[in-house]
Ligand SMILES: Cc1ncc(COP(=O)(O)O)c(C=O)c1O
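Listed next as structure tokens is one chain, alone, in the form predicted on its own.
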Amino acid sequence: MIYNYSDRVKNLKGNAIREIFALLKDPELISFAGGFPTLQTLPNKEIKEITDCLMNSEEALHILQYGSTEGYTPLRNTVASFVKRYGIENVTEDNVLIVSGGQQTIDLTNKCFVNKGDTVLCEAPTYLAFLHILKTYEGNAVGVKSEEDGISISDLEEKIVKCQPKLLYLVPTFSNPTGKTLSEKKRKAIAELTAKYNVMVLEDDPYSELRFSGERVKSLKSFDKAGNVIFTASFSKTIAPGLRCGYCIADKEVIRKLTIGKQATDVHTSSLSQAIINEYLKKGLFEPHVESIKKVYKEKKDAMAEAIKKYMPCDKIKFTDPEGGLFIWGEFSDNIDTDEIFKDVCLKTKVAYVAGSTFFPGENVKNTFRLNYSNATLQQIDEGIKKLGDYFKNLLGAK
């Protein structure tokens, strides 16, 4: 049989991290690859109790029936109030769409705004799944320079004028993959700049609740006066990724279009998952749980940062030290191809990272890599960074 795939998928490659999972079957391998929550932080006891309660309630059969595409109404109302913590005001349920994980918002936004050949801007580097989804819709990703505090405003305006983009995609807080955070000043400038040039913005916020130090920064959406910013967040990193539940906040007209796009995808997000999340929030379980997992992740981040200082050739590799999130970003000063050496690293050290090239839009950047600390034990972090440090020192001829 000859399979005549569509143009949009026939040349697509798999998600780089998902491809790495094949190598992770080795039980001896220490993974700093995927951004999984620490297994022991998942609130299985509370979710079991909530589920039992819901299934014993008068609402049980309605929860198991088909629901509206926009989402479970009680959760939409809860989210409308919940987002005030990000500085987003005057939200009603009509501004809320419940999605099957924040990544679905990326898909729906591209579906609704991007035609074949359209340009979309993003920080370079950026979240690799966004690049993968954009390719599916045959859009053209153009990278904007990244500075110490995130995307360059001057380069952004230059690229907007030059490329006439349909959309700007950003992970402004504890960015995946670098861990960088955009300053409030830059967020305000981006809101004004994109409104001026009539560019839609997708603000992706999976990590801002995982802040270990520093002050909370208001969302980019909070500075939106033109209705051109879509804000999306997920409960995957803060409650449980298996529930596949997130939300997006946007102008009512945009929500209607995203809803039509979702109708053709999955009809609606799991009503049971939505009801569980709603009860979890209403019972006041969210904030104490987040505080508890922040302590776990801070300890792991600090352990990795200390191990990097202790074992890595830091005169040859520059690392970020984020105030939150799940990732540390490394950049070699030498011309090292982290893709090329990846399998050799895994074979010789039994440690996995994600090569940085997969996070760059159309750029041949080979000397970077991403490390995740949330899915490894403290012992594995120390052992794994030491092994990587020894390998890199030998590779670079460093002491």
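In case it trips you up, residue 1 is the first one in the sequence shown, and so on. Bear in mind the structure is a predicted one, so any value in this text is a computation, not a measurement.
This next part talks about the form predicted together with this ligand, which is not shown.
**Student:** Indicate whether D204 is a 4.5 Å heavy atom neighbour of this ligand in the model of the complex.
**Tutor:** Yes, D204 lies within 4.5 Å of this ligand in the model of the complex.
**Student:** Does this ligand get within 4.5 angstroms of any non-hydrogen atom of K237 in the model of the complex?
**Tutor:** Contact check for K237: yes, within 4.5 Å of this ligand in the model of the complex.
**Student:** I'd like to know whether L121 contacts this ligand in the model of the complex, with contact meaning heavy atoms within 4.5 angstroms.
**Tutor:** Close contact is absent here: in the model of the complex, L121 is far from this ligand, nothing within 4.5 Å, heavy atoms only.
**Student:** I'd like to know whether V171 contacts this ligand in the model of the complex, with contact meaning heavy atoms within 4.5 angstroms.
**Tutor:** So V171 counts as contacting this ligand.
**Student:** I need to confirm a contact call. Of N278, S222, T320, Q103, which residue comes within 4.5 Å of this ligand in the model of the complex, counting heavy atoms only?
**Tutor:** The option sitting close enough to the partner is Q103.
**Student:** Note which of N176, S273, N110, T194 lies within 4.5 Å of this ligand in the model of the complex, where distance is taken over heavy atoms; exactly one does.
**Tutor:** When this ligand is considered in the model of the complex, the option within 4.5 Å is N176.
**Student:** Based on heavy atom distances of 4.5 Å or less, which listed stretch (255 to 263, 140 to 148, 67 to 75, 237 to 245) is in contact with this ligand in the model of the complex?
**Tutor:** Selected range: 237 to 245.
**Student:** Given a 4.5 Å distance limit between heavy atoms, list every residue of 118 to 133 close to this ligand in the model of the complex, or none if there are none.
**Tutor:** Contacting residue: only Y127.
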